[in-house]
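In the form predicted alone, a lone chain appears below as structure tokens.
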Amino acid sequence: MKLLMVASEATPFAKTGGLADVVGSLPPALCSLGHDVRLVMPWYRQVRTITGELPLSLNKLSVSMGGRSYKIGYRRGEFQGVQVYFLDYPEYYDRDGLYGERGQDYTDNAERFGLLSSAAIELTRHLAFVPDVIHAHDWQTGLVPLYLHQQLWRDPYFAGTASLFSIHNLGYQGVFPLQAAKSLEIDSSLLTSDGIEYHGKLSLLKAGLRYASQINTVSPTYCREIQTPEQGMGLDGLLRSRADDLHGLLNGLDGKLWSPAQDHTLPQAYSAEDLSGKAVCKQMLQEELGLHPAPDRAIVAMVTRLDSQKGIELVLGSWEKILSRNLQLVILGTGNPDYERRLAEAADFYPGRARVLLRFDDAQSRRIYAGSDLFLMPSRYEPCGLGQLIALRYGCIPLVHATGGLADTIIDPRIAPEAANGFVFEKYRNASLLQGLDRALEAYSEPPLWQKIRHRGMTQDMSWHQAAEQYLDLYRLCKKGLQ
């Protein structure tokens, strides 16, 4: 199949979250199965630090949007067999941030990502590349399905092109004033509740949900959850109306990128067959972070965005009771300034027992995964989750709230003792979190049981191959809808 991916970020070029990991991993997996996959994303300033100065196209794309004419260059690269096209429009993309700076979104994000959607479609014509499916990701590309529907459905060039829209997190919806419709070339007839109007504004994510051939999200449980008023973010009615076109496909994990046997950032490599290096990683982590040297004391870790979605209130509300257990606590992440302050102050009361590192540091995060025993993900909701998958690979057993992809990937011993790879607490409450923690610590005190759970997690297949096959089935379903 001929497939076009359109996204606002992708590893290794630019990343703010799990979206980038998916878009960086799925196209190479599809290429390895023999399909022609192209990726389109912006030529951000930070992309250049990864790729260097790629040659600029001799010819520019001509895009008209909202009464304005844009001349857009592009640069071509290649990543694991995938041809990547970076749209070069300095006025919109040559900035320090992807979506904003210093906690504030850029005021022209609607136009920036409307242009990404429109130019990506125009690029296919310029390249004489007729995609079977255009796969758009999250609100930043929500206008791709709308543009195909509104402007191009009668164009014979795109007569055989369907669209798939992926929701990576329904909490981010790309909501802008209704006046933005004019600059985005959106017909005013669509600015209704049956179109893309959302509480008196317009939602680019709703555009993708409304007009894509098929929709998917990144885990089966999250797919069910977002069709409820509790987690539907005001879009549950629309999602239920498209239930036959809505699918939950679980993300995979790049086993080459995340492997303790090949991770050069670790003080010593290890594997499921030889865990001696993990003990070294734990000792070195305690030394590095100023924790008391205690090889038999469990290290509980969080590597997370400090956001209400991630269950930070549960952790803060249980802080003293968590630290009353025989454990050490390590948290790495940035986010909400109030959470940053409160966590840092709480850690100060437990020198040698708790460390809070307020930064994003990939190498440090890997050393934390490798040196820790238990990985805490108490998320209020979690579309799929990457942290628990990485933790499994590194032999750091997850303790998670039963939601979204966490419920789909972590199996508790109470449910299936012979398949267990972690611990799950059901209710989003402090008491439930602490009960789950106590069960995990009890298992930690029984080394044979702990070793079985850890080995099971480290050796399970989390590759993208199976997910890529499922996406191919979904692309075929998109195409079938055109017949």
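Small disclaimer: the values here were computed from a predicted structure and weren't measured. We number the residues from 1 along the sequence you see.
Omitted from view is the form predicted in complex with adenosine-5'-diphosphate, to which the following refers.
Engineer: Are K15, D361 and G385 jointly within 4.5 Å of adenosine-5'-diphosphate in the predicted bound form, each by at least one heavy atom?
Structural biologist: Result yes, every residue of the spot touches adenosine-5'-diphosphate.
Engineer: Here the chain is shown alone; which of K282, R210, R355, K310 has a heavy atom within 4.5 Å of adenosine-5'-diphosphate in the predicted bound form?
Structural biologist: Result of the distance check: K310.
Engineer: Please pick, from G252, G333, G195, P260, the one residue with any non-hydrogen atom lying within 4.5 angstroms of adenosine-5'-diphosphate in the predicted bound form.
Structural biologist: Only one listed residue qualifies here, and that residue is G333.
Engineer: Would you point out which of 298-306, 262-270, 90-98, 229-237 contains residues with a non-hydrogen atom within 4.5 Å of adenosine-5'-diphosphate in the predicted bound form?
Structural biologist: Looking at the other structure, the answer is 298-306.
Engineer: Would you classify S365 as touching adenosine-5'-diphosphate in the predicted bound form, given a 4.5 Å non-hydrogen atom cut-off?
Structural biologist: Residue-level check for S365: yes, a contact with adenosine-5'-diphosphate.
Engineer: Is Y369 a contact residue for adenosine-5'-diphosphate in the predicted bound form, using a 4.5 Å heavy atom cut-off?
Structural biologist: Taking the distances in the predicted bound form, the answer for Y369 is yes, it comes within 4.5 Å of adenosine-5'-diphosphate.
Engineer: Using 4.5 Å between non-hydrogen atoms, is A181 touching adenosine-5'-diphosphate in the predicted bound form?
Structural biologist: No, A181 sits far enough from adenosine-5'-diphosphate in the predicted bound form that none of its heavy atoms falls within 4.5 Å.
Engineer: Although adenosine-5'-diphosphate is absent from this view, report whether A467 comes within 4.5 Å of it in the predicted bound form, heavy atoms only.
Structural biologist: No.
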